[in-house]
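Same chain, two versions here, written out as structure tokens and called structure 1 and structure 2.
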Structure 1
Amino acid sequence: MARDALVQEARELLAAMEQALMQIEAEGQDAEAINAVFRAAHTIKGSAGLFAFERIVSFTHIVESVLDRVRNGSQPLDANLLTLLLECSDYIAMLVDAIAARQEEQEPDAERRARLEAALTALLGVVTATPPPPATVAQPQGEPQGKVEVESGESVSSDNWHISLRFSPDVLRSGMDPLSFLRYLGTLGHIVHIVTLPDALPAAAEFDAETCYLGFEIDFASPVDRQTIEGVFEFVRDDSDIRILPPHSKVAEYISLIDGLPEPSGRLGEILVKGGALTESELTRVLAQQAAEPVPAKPLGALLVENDVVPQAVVAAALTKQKQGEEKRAQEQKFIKVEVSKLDALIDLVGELVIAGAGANVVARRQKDVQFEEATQALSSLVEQIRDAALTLRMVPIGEVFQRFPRVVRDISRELGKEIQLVVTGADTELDKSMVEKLSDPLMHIVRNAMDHGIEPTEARTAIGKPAAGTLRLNAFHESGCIVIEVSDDGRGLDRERILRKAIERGLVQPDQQLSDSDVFRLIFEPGFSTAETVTNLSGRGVGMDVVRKNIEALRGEVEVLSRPAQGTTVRIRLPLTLAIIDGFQVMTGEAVFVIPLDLVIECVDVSSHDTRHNILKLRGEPLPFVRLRELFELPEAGEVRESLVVVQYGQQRAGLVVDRLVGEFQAVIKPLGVLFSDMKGISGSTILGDGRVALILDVPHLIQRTARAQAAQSWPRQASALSDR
């Protein structure tokens, strides 16, 4: 369980690390983004160290060392280093995958690791050889006390070293006593002031006597240099968080220290004392002054600045830290992490509750007891609310999938030598968590195809008047109870005639067969179908798009292609919002009960009152193709019945389903079909009715396509003309 949590946390941190690196590449260096990358590497190393996963600890330690130098300005972060850090992020992901597979003792790729470590070590070696920055040199005696001009023109007052210590929680288990380091430090000078930080102490019942929970903020007076002070903590330096500020440090360094405090932010005075910008005695004096002022008293920060105790910039940084702490606490109260398996179990139980509720309704109707019926109806209403609330727990933004594509587009565009920009919209659109995980591979295939075959090389684009950089768009939105995901490019578009020739060569269509554009474009999803003249590392073997269609259909979705020559191509994926429970509409044909997803039902009409011919009904002057469920599923004739037609719509297409009887709305808990029924067309699942019978859930997208194809095969224009003449 703990291993799973570590793996999940590491993957989330790696995603954040990659996102921050991509942000730096796109927008330039940003201190917060660099800190985010460092924190991600540091946290991964620390968590892995708790479980003694040495391979990831040792590799991440080198990455962290380079990032630390980037953070303090010793190492420039150029394009080459960005690429190296992204590669390191990939390798850490491989190490995390090895932990997930319980193969942490095996090196995923020793050659790759050696190459990356050599590159990182070379950077560290070059930097080590450079002189230390001037800020680490102690000021000579005789300088004016506590008054050093800084870039902002403000000054600081401390002429002591400030040491911020956070020992590793495992320092005691490693056989080392934190107090011994402090005693040794005292032999090198005078500990002027020390604050013990108990913020990490747990409740007494959770206290572990072998864990170090305390942190220390120390003001230290000594003539020794920084290297000597760092040497005091040599044996715990790798696993601990140690920050040292020399005397008369710049305001910016105090601000950085305050920003980096690991404890949750508290009051302004506490933050400034922890950061070494204020002593306890100074704080006490200013608080007394504040208490003596008439109500309303001036804020503490204003008094500190007025009394020249703390510079304005440091107070501002402390206030920002305080605000971040408040926001973090609010965020922590807003979200909790729950295992997916627990949510799945909850959804399953809610599904059983829905079925049991339907059973109670059936019994109530048979009993013809008014009070019993009212009670079951009230219960059904509550169950419906519980169902909706439970389903929203598994809804997550599709941005979880989209966030990996900036890196993919960056790498592939470089590999292809093309300029391609990515535009992402609708990342907040939500869908079921289980579908998010299964969408990644299909989208990856589509994006790679668009970049490889869709978008033209830069020279070709400029030659025909297009912008040099191609554009790839990822978009998502809700429509008619479904989620629609689009991958669009502004490239050359699909070659209709070429696809058709290839399909005729392979015998997929007949030479004299008339096909619409959508039918022709749908051929690219046939197994092994490709019009590419050359096979590249990315595509051309005719495998990817076949996988796309299979994966999307497995999610009860559909995929279509829209394309225009020289203008680009859009691959549109349409998926149901959830795979668990739906609002359904019950219909019957003979004794068989079918369920139609309610979101797809437009209206119901009486067939006998309309003109029908060749499975086409004239509805308000418009032709509507339909299919009789009795004929489709080869059900026995039931004699004279008054047929009804249910008009359904999926996307922009409509069709009719002719049934014997309309039953009504129904909450359907979707049960998957067994392997024996996996190839059955027109059925997407099953559900259990309140009386215990099994009903089949109709695959409306497939049925609509079936009627459309049948309509085209019957040469619709001639039939429509015949109908209009009647």
Structure 2
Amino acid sequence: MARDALVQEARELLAAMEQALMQIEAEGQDAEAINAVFRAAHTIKGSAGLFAFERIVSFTHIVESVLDRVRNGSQPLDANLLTLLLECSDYIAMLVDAIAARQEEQEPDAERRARLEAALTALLGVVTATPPPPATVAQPQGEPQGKVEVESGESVSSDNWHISLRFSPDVLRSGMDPLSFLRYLGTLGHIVHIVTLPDALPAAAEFDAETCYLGFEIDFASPVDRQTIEGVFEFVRDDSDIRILPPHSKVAEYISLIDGLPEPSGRLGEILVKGGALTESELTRVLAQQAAEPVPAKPLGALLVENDVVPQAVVAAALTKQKQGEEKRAQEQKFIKVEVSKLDALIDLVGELVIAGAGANVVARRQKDVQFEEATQALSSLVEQIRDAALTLRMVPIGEVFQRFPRVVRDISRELGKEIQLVVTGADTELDKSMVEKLSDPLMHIVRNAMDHGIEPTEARTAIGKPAAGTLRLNAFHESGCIVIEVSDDGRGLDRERILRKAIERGLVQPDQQLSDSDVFRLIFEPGFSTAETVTNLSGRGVGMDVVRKNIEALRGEVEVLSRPAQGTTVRIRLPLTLAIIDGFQVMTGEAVFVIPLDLVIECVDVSSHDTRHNILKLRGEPLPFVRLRELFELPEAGEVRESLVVVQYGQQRAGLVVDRLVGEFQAVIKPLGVLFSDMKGISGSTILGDGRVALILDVPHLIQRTARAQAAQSWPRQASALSDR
């Protein structure tokens, strides 16, 4: 759907725009970065114009006018303007969101828009007022004007619509004739001028009689509205390049038109005339001079500017077009855009393939046919490779999430009056695309919290001999089948006593309870828990951290907090690499089959040789808490079995799971549990075995926590009731 493509493109461009603005702020003005900002605004406006999203076009237009002045040096780019431009990009993002939500008819925030527009037009006004008009006034009428002000805000004199048509090459084959659209257009008004562009016609050898090569530039006089004109081309709009400019369009809109048209810049003059940016007489003058010029003739573009008949911006746009085209081509070769839903469908299919492959394996083993078994083994190894390849298709660098933060840190540090620098490492660590989107809000909360509560005000820092500027670190890395994301600050650290006091006040813990540091710090993720003494604009309202935990747990991940007084706090998020397919370790208790994510399995131990009192087992001298799945899931006794213990590890914690039988490795396609089971603890999903039976996937992080708590409860039986989760 074209609208989705527009929204996505606009969002990417806004991200690029923001990045360029941040770069300017960090490294000073740089023509390339300013151009990048301008191009982004310009392209957003152009595409929005195609769809007649007027709100975004009119707003971006003013932004673009200011940017144009920045670009040609008539408007200095100072800190205030940078902030203003960043706010404008935020507002454009809101307008884009409105389009995504199909609410483009409503202004998202009229007041904010008015404020931003006022600030922008104030800048424009100041500059237009400065060049003293007398020189222009003194010129006799009819003579060519003096210097043409390079200003994309000015309108062209043409009273007509301008329509550029580049039909899809396949339009004829689909049974449509461009002529019939033109005839119909003629019934809505008067075609003042039409230019048929045969530029794309190839030589006879390459000429395909059924491909449409012709383009049309039309000047059209009509009282109808834009929608009516667009309606004419409704059937061909999706594949064809159709641009419609209303009467008295801005010069900038013509720039955009030139940018988008496929004809080479050699056709510049003609396109400009037909486009109405120039009148015929202006072009004739230029052509006459060109004929008189001694060889080598200057390029037409240079002549036009020399004669001041075309605003420089227009020519620049036409001339840079070719270069941009080349850049675009180079990028296209490297990446192709694929709809996420298509990838998801592929991964679903691969999941089914994995299950079917497992089924074939089971059959092969039963048949005891060596050749058959070998064949299925070869198949499974290929299926495994396909699975991995398919999953990496969805992997994206976490930099996509991190790239928002320079801006966030900048804005918040200003708001708080703290000097904070951001250090990002591991931005190219990859994770599943579906997680990227869900990770961004939790990270935002954590970062805000760190800046607001973690990092001390400058005076407080200097007083205790810390560097005046606080440091916030974002880090990401892979660790045993997980991605770990850390947000660290070098601030004051969490106040253990205050958290504990508050938790006791709220009845979350008993006053005489013994808690480890990490247990205490985990309390900040409880709903409604805030230790901030003053509620600031950003955080301290006690919402946020519990939402963070919920979001992370919904991704089968875990959050933990490490903190040292006066040295800082690290929030560590651990997420599984993928949500779809895992390598599992299959175990059985009674008749029930369970799957443990293989990445989390450390070793398997024979239980019978160990002393297993109090659900603690001594393994190589270390105590290891464990749980019997039979007891946990209340399965019937199976009589004499030789129990095994699977040691699992998540993060730094280990625990044992006692099972009847170890079955072996197995690729598990994770099927989510239904809503009915959403409250169930200890199970994170289900999967289908090769023989069609259902196996449950154990929620290892939960089980480890549970055994740890049970162990704590045994050591201090008095507090057991407060901590148990039953």
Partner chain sequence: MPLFATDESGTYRLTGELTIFYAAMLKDELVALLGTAKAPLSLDLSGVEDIDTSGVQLLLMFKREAARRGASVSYSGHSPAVLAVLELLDLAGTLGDPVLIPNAVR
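Only the largest set of C-alpha atoms that superpose within 1.5 Å between the two forms is called the rigid core. Since the model is a prediction, treat every value here as computed from it, not as a measurement. Throughout, residue numbering runs from 1 along the sequence of structure 1.
Choose between structure 1 and structure 2: indicate the form predicted together with its partner chain.
It is the second structure that is the form predicted together with its partner chain.
Yes/no, Ser516 Cα shift of 2 Å or more between the two structures with rigid core fixed
No; Ser516 is a residue whose C-alpha shifts by less than 2 Å between the two structures when the cores are overlaid.
Could you check whether the CA atom of Asp208 moves 2 Å or more between the two structures, using the rigid core for the fit?
Shift at Asp208: 2 Å or more after core fit.
Core superposed first: is there a CA shift of 2 Å or greater at Leu182 between the two structures?
Comparing forms between the two structures, the Leu182 CA shifts at least 2 Å.
Looking at Thr196, what is the CA displacement between the two structures after core superposition, in angstrom?
Displacement of the C-alpha, rigid core superposed: 14.0 Å.
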